[in-house]
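So this first bit is one chain, no partners, the form predicted on its own, shown in structure tokens.
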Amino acid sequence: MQKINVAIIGWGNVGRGCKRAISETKDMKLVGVVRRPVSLYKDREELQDTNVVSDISELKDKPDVALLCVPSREVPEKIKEMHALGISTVDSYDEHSEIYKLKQEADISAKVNKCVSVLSAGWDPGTDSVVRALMKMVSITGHTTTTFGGEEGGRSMGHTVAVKAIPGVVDAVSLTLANGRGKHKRKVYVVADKTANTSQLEKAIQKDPYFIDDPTEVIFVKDINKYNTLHHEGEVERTAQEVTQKYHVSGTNPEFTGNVMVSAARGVINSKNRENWGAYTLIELPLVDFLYGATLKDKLEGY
């Protein structure tokens, strides 16, 4: 079996999760990690056996798939950049209300350049989206709610990245907590620059699109380590007159996301092999395409 050449673009928590997931596959080869020039020589111990470059064109082996482990707000432009090079992509874009717009734009560039992109291949949106679709099959009518964080709260990667991008923030972590069935609140711990106006920072965080719809408490601290968890959990529930369905997941958020993105890379290759160029969300592709196996019989083991 010829291995799938995979590159990781961006080296944060999700990039680390993807690297570990690739190491556990039999059908993929990590051809390199692409980082910003200013970060090129950091974390060398973690990347000692990995080709690290500042531009994807520097990689010796051209990637079949690039895993875009970058902030969601950078994903649309990065997809276009990869497509122009003839490289297909997977991302974990998490701005729910913008996914359809992203799909429309990415679908055009994918088809023009004969590429495939799997969009929003994370936890939620991502596998939770698949679960919600399955629940609708089981209960045609009903009500679905998705609740994250539990009582202790869990790290939201997208929200955390959004806070860190605000000028004056040195470090931060954003926790999502359940706030009633299907509702959430945010607790944001921030290490601020000594010269920053904390009142203005608090307002900037609460007005950011990631936070504006949920009650958000901003807490300024001197050290983020005490609050810097990678744990998260969530539950999807659908209730109908005759059937109640529940799905619960708990674990390390970037590890979970990394697994989904790496599995989605198989979906990319299977679509490419059928010349189904374009941009797709997880629910648009057959789930069997994401599974490891040389034959359909292998993939359906345990079905």
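Keep in mind the model is a prediction, meaning the values are calculated, not measured. All residue numbers are counted from 1 along the displayed sequence.
There is another form of this protein, the form predicted in complex with a further copy of the same chain, and it is not shown here; the text below is about that form.
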{"query": "Exercise: residue 174 in contact with a further copy of the same chain in the predicted bound form, heavy atom 4.5 Å", "finding": "no"}
{"query": "Residue 53 within 4.5 Å of a further copy of the same chain in the predicted bound form, heavy atoms", "finding": "no"}
{"query": "In the predicted bound form, residue 224 touching a further copy of the same chain (heavy atom, 4.5 Å)", "finding": "no"}
{"query": "a further copy of the same chain contact at residue 300 in the predicted bound form, heavy atom, 4.5 Å", "finding": "yes"}
{"query": "The unique member of 196, 134, 84, 191 whose heavy atoms fall within 4.5 Å of a further copy of the same chain in the predicted bound form", "finding": "134"}
{"query": "Residue (of 44, 36, 60, 248) lying close to a further copy of the same chain in the predicted bound form, criterion heavy atoms within 4.5 Å", "finding": "248"}
{"query": "Contact stretch among 208-216, 75-83, 164-172, 97-105 - heavy atom within 4.5 Å of a further copy of the same chain in the predicted bound form", "finding": "97-105"}
{"query": "Candidate site 241, 285 and 290: all three near a further copy of the same chain in the predicted bound form by heavy atom within 4.5 Å", "finding": "yes"}
{"query": "Within 119-136, the residues that have a heavy atom no more than 4.5 Å from a further copy of the same chain in the predicted bound form", "finding": "119, 120, 125, 126, 127, 129, 130, 131, 132, 133, 134, 135, 136"}
